[in-house]
Structures are given as structure tokens and as C-alpha cells.
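In C-alpha cells, one chain follows: the form predicted alone.
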Amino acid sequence: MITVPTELDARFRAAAAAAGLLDAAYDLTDSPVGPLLVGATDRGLCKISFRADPEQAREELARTFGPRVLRSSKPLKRVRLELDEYFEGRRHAFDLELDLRAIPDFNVRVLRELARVPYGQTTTYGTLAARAGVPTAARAVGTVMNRNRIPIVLPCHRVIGANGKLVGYAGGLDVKERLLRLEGALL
């Protein structure tokens, strides 16, 4: 087995990203809610995961966007900066391009409506379904939230049950609660 020096490996990954040779890049970043795995393509942010399993993420990114996937921090610099600002309470809206390829049309409609839910406010699954043009699809909206590839930036933590309770969140209800408290939506 050949061992590549860390500095050389980092230079290789940065050069591959800079030359546009990657279908997707991913990296890990620390956050107040635990480590996050973030991924991006040349079109924009495509993944945030609370389960920071690089091998699984690499496989998922390769299936969705193409086989040329590397762990590389440079393409994700802006994503990490905006996430840091969000967690510090200095950013209330993200200004990132998103890559929503391979997401069904209904899901994209719901995610676009989700993106309009303001910082520090919540909505319900039913309200979000109505805004997406299908008022009877609250359960389907729940499924879309469950499959949201870009939580936090596409703020599914802001969606609560019709009874006002916190329900369902890929990062866990404790993370959902922490994010809502950070935004001032919960006292």
C-alpha cells in the first residue's frame, strides 16, 4: 500500500476541483449540532447530512451526480462560511446556489415553498402543501421533508405538526429544537 503525504493529497484534491474534474465534492464541517457532511457540484450545494459517513455520502453523490467524487474542502468554502454565520446568529438567509437535480417536480415545488419560510418562523405540513398547490398533500409534504437533501439551508426544521408540536426530523428532534431556538422560533 502506498501512502500519499497529506499535503500532496490536499493539493491533488484542490487541483481536481479547480480544474472542474469533479462531478461532486464533499467535506465534513463541525457545527453546534454535530458534524455535518456537505456536498456540492458545479451547479451548487447538493447535500447536507447529519450522518457524517464519508463513504456512504461518496456513493450517494456518485449515484446521483456522476462517479468523479472526491473529498475536497475548497469547493465547499462558501457553504461552510454561510453555515458558520448561520450558527453564530449572523445569517438569517442563505445565498447559495442549489443543485436540485434528480428530485421529482412535486418535491422541488415543495422545497421552493419551504425556502420561503422566514427565519425564526414556523409553518405546518398542511400549510406548506397548500402553498405548493396541493392542499390535501400534507403527508406527501412530510415525505418530502424526510427526504430533503439540504436541511438547514432548505429549512425543514421550520415545519411543525398541525397541533404545534415538533415532529419528525432527520437530524433528530433535539436538533430541530436547537435550530428553532437558535432562530428564536421557540423560547
Partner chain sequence: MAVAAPVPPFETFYETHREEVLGFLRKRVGSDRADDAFQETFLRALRAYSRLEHGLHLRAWVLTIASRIVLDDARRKKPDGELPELFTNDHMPPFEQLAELAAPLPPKEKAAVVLRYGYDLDYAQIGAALGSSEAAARQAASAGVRRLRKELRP
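Positions refer to the first chain, counted from 1. All figures in this text were calculated on a predicted structure; none of them were measured in a lab.
Form predicted in complex with its partner chain: not shown, discussed below.
- Heavy atoms of Asp42 never reach within 4.5 Å of its partner chain in the model of the complex, leaving it off the interface.
- Contact annotation for Cys46: none of its heavy atoms lies within 4.5 Å of its partner chain in the model of the complex.
- Mapping the unseen interface onto this chain, Arg51 falls outside it, with no heavy atom inside 4.5 Å of its partner chain in the model of the complex.
- In the model of the complex, its partner chain lies farther than 4.5 Å from every heavy atom of Asp174.
- Among the residues Pro118, Pro67, Gly161, Gly34, the one placing a heavy atom within 4.5 Å of its partner chain in the model of the complex is Pro67.
- Remark: none of the three candidate residues (Leu81, Phe87 and Gly89) comes within 4.5 Å of its partner chain in the model of the complex, counting heavy atoms only.
- Stretch 57 to 65 is the contacting one of 126 to 134, 57 to 65, 34 to 42, 146 to 154, since its residues have non-hydrogen atoms within 4.5 Å of its partner chain in the model of the complex.
- Residues Met1, Ile2, Thr3, Val4, Pro5, Leu8, Asp9, Arg11, Phe12, Arg13, Ala15, Ala16, Leu21, Leu22, Asp23, Tyr26 are the ones in 1 to 30 with at least one heavy atom within 4.5 Å of its partner chain in the model of the complex, listed in sequence order.
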